[in-house]
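Here you get one chain, nothing else, as structure tokens; it is the form predicted alone.
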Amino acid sequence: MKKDEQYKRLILREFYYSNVLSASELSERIGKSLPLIIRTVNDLVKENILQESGYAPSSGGRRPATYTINKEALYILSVSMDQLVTRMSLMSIENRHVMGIEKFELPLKDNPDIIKQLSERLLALVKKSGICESKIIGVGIGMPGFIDVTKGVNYSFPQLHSDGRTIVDHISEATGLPVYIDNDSSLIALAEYRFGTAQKQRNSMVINIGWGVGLGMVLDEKLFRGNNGFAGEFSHIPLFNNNKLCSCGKSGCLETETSLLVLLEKAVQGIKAGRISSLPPTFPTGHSEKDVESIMEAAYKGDNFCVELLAQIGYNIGRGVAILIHILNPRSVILSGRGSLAGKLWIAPVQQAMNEHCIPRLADHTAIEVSTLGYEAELLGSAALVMENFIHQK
């Protein structure tokens, strides 16, 4: 890649995260000379990628001009996958959903047609949008599993690589676009760090409450991946002697008492056993996502049974969090992902477990917070994944 192109991409990445900047601010952030930045910014304005947005406040003298990205200049295809449901969106460079969020059932387990179906959906979305493919800078995909981000391989779903080619290879060939994949919990942590509750925090743990219970770690202001990229397998801490088989093949893992699938299972068992609840008469509908949302909504409205279920799971999550706090001493623990829709109902039971299982000096200096991004977190993280890699694209 030519140096001029690299400088342009570095500048665009800064605008993606900060929206409005002056040339002097860009020079300080990127560490390049002001004349070089001004020349590159002017080139991007001529290409209609940047545009002037006014003037920055002055501390004396002439007020510097500020710039922002033309919201119709660049787009990203963002994909959020879990074990059961996939969401995808064509997003503008300002993280606006151009066509809304498309959601469809796409089970990952024992489904060899995933890549074909996803590629077809992505192509259909681009066609429907009417946006020129040359304006789309890449596809970001978040999914559960042991993912090697450098190779584009998800080792948890070997059927996706049965012909020896990677997920990235297949989808890039089908769409003609650069493709990047990463673990869903890592991308949720990236979203929280760049756009959410973990902004400007040096050390944060982000708990992804979903069909499993994942973990993304921001350490020293960087996403921590571990030795070979598999750090953060929070779900599989062996905490219980419950003889419950986990999805990993072991028994007693944290996931066996804390996932949203466990929440649903216990709700169904309770209703069958005669527990009184305001859950709708159609519960369970057979659609896991809808049923879990019904439980969280009922709990939020004060349903004692559903509040009790969330409290049990929250307490067990808190036991796992206590271990993290002892090892990593984070500034905050952020509850994110699908389960964050239950909001502040998580905080009390998690805090209770911390109070019981943490050394006070550590627990007292760690805040428990609930994400404000909700369902948006992974889609935002997937989009940010593309921009993180944009400066390295050929």
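The first residue of the sequence shown is number 1, and the count goes up from there. None of the values given here were measured: they were computed from a predicted structure. Rigid core: the largest C-alpha set superposing within 1.5 Å between the two forms.
The following text describes the form predicted together with another copy of the chain, which does not appear among the structures shown.
Of the candidate stretches 36-44, 338-346, 358-366, 64-72, only 358-366 contains residues with a heavy atom within 4.5 Å of another copy of the chain in the predicted bound form. Note on the partner interface in the predicted bound form: the residue among 132, 245, 276, 219 having a heavy atom within 4.5 angstroms of another copy of the chain is 219. The contact with another copy of the chain in the predicted bound form, taken as any heavy atom within 4.5 Å, belongs to 236 out of 87, 194, 121, 236. For the chain shown alone, residue 227 is a contact residue for another copy of the chain in the predicted bound form, at least one non-hydrogen atom being within 4.5 angstroms.
Although the partner is absent from this view, residue 30 stays clear of another copy of the chain in the predicted bound form, with no non-hydrogen atom inside 4.5 angstroms.
Contact check for residue 104: every heavy atom lies farther than 4.5 Å from another copy of the chain in the predicted bound form. At least one heavy atom of residue 215 is located within 4.5 Å of another copy of the chain in the predicted bound form. Shown here without its partner, the chain carries 231, 241 and 324, all of which come within 4.5 Å of another copy of the chain in the predicted bound form through at least one heavy atom. Within 4.5 angstroms of another copy of the chain in the predicted bound form, the stretch 197-216 places a non-hydrogen atom from each of 202, 203, 215, taken in sequence order. A movement of the C-alpha atom of residue 357 falling short of 2 angstroms is seen between the shown form and the other one when the two forms are aligned on their rigid core.
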